[in-house]
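Quick setup: one chain, the form predicted alone, written in structure tokens, and binding and motion questions come after.
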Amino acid sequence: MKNINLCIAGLGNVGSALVDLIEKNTELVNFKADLNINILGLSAKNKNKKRIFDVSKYKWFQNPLDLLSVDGLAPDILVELIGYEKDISYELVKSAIKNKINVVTGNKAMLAKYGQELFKIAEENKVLLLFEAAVAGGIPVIKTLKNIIFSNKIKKISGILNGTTNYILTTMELENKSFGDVLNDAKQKGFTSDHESELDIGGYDAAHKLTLLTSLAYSAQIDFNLNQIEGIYNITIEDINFVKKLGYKIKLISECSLIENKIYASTKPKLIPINSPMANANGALNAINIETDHLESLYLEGEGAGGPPTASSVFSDILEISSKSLTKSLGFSYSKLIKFEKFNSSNLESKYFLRVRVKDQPGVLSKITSYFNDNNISIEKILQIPDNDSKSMPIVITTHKIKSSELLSSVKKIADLEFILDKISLIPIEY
């Protein structure tokens, strides 16, 4: 029976669920892996907080850095679940790997910003820095990319990487509620908080995760600045209802690919065909689609957040380290990471959805379409949809494929017309 000594920093939903998972699966781990997991110590902000396990059974350290040596014994694995982008999370992880302690973390923000440095230090010290829990909660996408489809050349990764935004967009559609009302619901139900909501609805949380997937897929240096980010602030219930009439749903989609040997990494709202699996990943679910040279579509869907699902991913990394896996933290040597330039997405062609609210007066539609004709923008559909406002009317337009730079030029001119009453909604369409 092999013994693994473990310390855990951070006992929120995930950290507490991890301790509970270890306690409840002792016999199973003993039987299946000939492994005994011994928790040397715990650390969190508040020892007296009510948790799902008995804290008094374990040694407690107020300072997380004290976990690096418990009664003179260094743990085999340090689990960091504090979650700060830098500060004590960064200091703890860096100190651990410098002291030749393996680290498991769910901290996507820290790795997206400082992973380039931390993975280098880990490799120099011959330890692993594993992060399955940092992307898509309980979905094993990291191990899928590193191990299961190791021999595949990745063409594209796309998916829903943030459960909060997916919950908001789904609830807006199903309950016909405004963005603000559903955001408040999400906060009350614990899907997000005042602090986290900026990262969630702004698209930054999903972009942190996409940064890691981009590195794994293309051996790219970990560079958060390669991301193009647009959140869901401007999505209205009008948009959601109109796109549904057109056969689509709006999802916050993160995607990466290699175009002209440059990285395209984008997180933005997109229209997804209503009959596709990803359009029907509802609530707080995450979904990821991987296209490779051998697989046209590998679709993964599951719980992307929460204590038990994410704890199961942390636990899988603990088992990987315990098995003395010969794989690298990123699946390949740090020295082989490639520095890519950022792809200019203004040259990318897509179909687009536009919603324009205008004064209800003659000649408006012909004026708008003339701007499109002057710029050789081909219109696929136009809908005029009367509503309860007698003085205004929404116009919905979908285009054929066009470069975003060309379309934006026309939209800016249309936005200045005197009969335009609201900000023009502009969302790319997945096709």
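No experiment lies behind these values; they were computed from the predicted model shown. Numbering starts at 1 and runs along the sequence shown.
The form predicted in complex with L-homoserine (HSE) is left out here; the points below concern that form.
- In the predicted bound form, L-homoserine (HSE) stays beyond 4.5 Å of every heavy atom belonging to Pro75.
- Although the partner is absent here, Thr164 lies within 4.5 Å of L-homoserine (HSE) in the predicted bound form, judged by heavy atoms.
- Contact check for Asp200: a heavy atom falls within 4.5 Å of L-homoserine (HSE) in the predicted bound form.
- Contact annotation for Ala287: none of its heavy atoms lies within 4.5 Å of L-homoserine (HSE) in the predicted bound form.
- With L-homoserine (HSE) left out of view, the stretch that reaches within 4.5 Å of it through heavy atoms in the predicted bound form is, among 143 to 151, 81 to 89, 335 to 343, 204 to 212, 204 to 212.
- A heavy atom within 4.5 Å of L-homoserine (HSE) in the predicted bound form is found for exactly one of Val127, Ile157, Ala305, Leu118: Ala305.
- Counting a residue when any of its non-hydrogen atoms is within 4.5 Å of L-homoserine (HSE) in the predicted bound form, the one hit in 102 to 135 is Lys108.
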